[in-house]
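One chain comes next, on its own, written as structure tokens: the form predicted on its own.
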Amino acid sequence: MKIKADILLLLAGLLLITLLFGLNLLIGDVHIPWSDITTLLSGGEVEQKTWSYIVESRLNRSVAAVFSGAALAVAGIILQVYFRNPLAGPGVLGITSGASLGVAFVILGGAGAASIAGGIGIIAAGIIGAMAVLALLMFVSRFVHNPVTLLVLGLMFGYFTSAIINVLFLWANLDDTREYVLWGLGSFEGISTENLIVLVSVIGLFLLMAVFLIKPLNALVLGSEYASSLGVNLKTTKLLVISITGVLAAVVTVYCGPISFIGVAVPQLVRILWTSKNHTVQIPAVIILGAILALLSDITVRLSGNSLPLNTVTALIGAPVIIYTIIKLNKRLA
């Protein structure tokens, strides 16, 4: 019965994504009838020629929200299991800050650096920054076994990278500073079709790679020694964790800015709503719930007339979940 309930919950989640996706296409400053939206999506034409650009922008924004939310949620659950810490996530452990530092080196480096690096350079810089912080955390985790201490170290890495970014502001001009500050607020808006193809392709590939971590994650829940006794290759698992979580967090950060709370909050919500602890169920569940949370956040931003930053909305939704998790952890330790 519990398995059936989990499957039904997954199907309900897919239905909710479809409804929210459609709602995201409807919401905007310009009212476009649903019949015209479906006509444009099917390749037809409508009387208002400008509507095609508006629908394309809304479609890109909605697709980016779905894949970004899924990517951050999957990265979050992998990190929480690997570090055995329910508060671990790309943002909390400083991985997102590492990606932000890479982006800052390109954007705040001035017009010369931006023109030399280009879009590919920003992506590469973000991935290198994210993986550098994650690799450093992996190295430190060999000597620090307390999950709370490791979490604090991750926060310190995040503060350190933020300090370096603040130093870079000293050499940046006003336009570059404004561009970076706006990027740092987070947004699914303004992603071109070409960039969206890159975003979807990279996230899709690494979400598929996450399937190979299902068995190791199920074993790692009971500890690394138990996992090793079951034949799990810990070195290969570590490499997969670094590459999958690093790239997922970095790509989302590069294109959408440093989005907070989704990576930490979604896995906790999945553990509350789904009874199964098997990651064969939990991985699809975090993908679905991550997409739902990202779409809900984006819809809220659009209903506010884009006056609310995306990170503000994700914090309003995610922070109460994290507070609840901390309270629950304290009850267990008491």
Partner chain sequence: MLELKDITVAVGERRLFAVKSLVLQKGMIALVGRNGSGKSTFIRTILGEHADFSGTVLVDGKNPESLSALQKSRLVSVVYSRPRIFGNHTVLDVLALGRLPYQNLFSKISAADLHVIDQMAGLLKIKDWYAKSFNVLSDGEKQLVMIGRALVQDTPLLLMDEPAAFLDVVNRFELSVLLKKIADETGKLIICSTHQLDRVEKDCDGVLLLADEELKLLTDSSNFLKTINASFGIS
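This structure is a prediction, so every number in the text was calculated from the model and none was measured. Numbering follows the first chain given and starts at 1.
There is another form of the same protein, the form predicted together with the partner chain; it is not shown, and what comes next is about it.
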Evaluate Ser304 for contact with the partner chain in the predicted bound form, applying a 4.5 angstroms cut-off between non-hydrogen atoms, and reply yes or no.
no
Mark Leu199 yes when one of its heavy atoms lies within 4.5 Å of a heavy atom of the partner chain in the predicted bound form, and no otherwise.
no
Is Ile214 a contact residue for the partner chain in the predicted bound form, using a 4.5 Å heavy atom cut-off?
yes
Distance check, Asn85 to the partner chain in the predicted bound form, heavy atom within 4.5 Å
yes
Heavy atom contact within 4.5 Å of the partner chain in the predicted bound form, the stretch among 27 to 35, 51 to 59, 294 to 302, 277 to 285:
277 to 285
To verify the annotation, which of these, Ser187, Thr161, Gln80, Thr237, has a non-hydrogen atom within 4.5 Å of the partner chain in the predicted bound form?
Gln80
The single option of Val140, Leu230, Leu182, Met156 touching the partner chain in the predicted bound form, heavy atom within 4.5 Å
Leu230
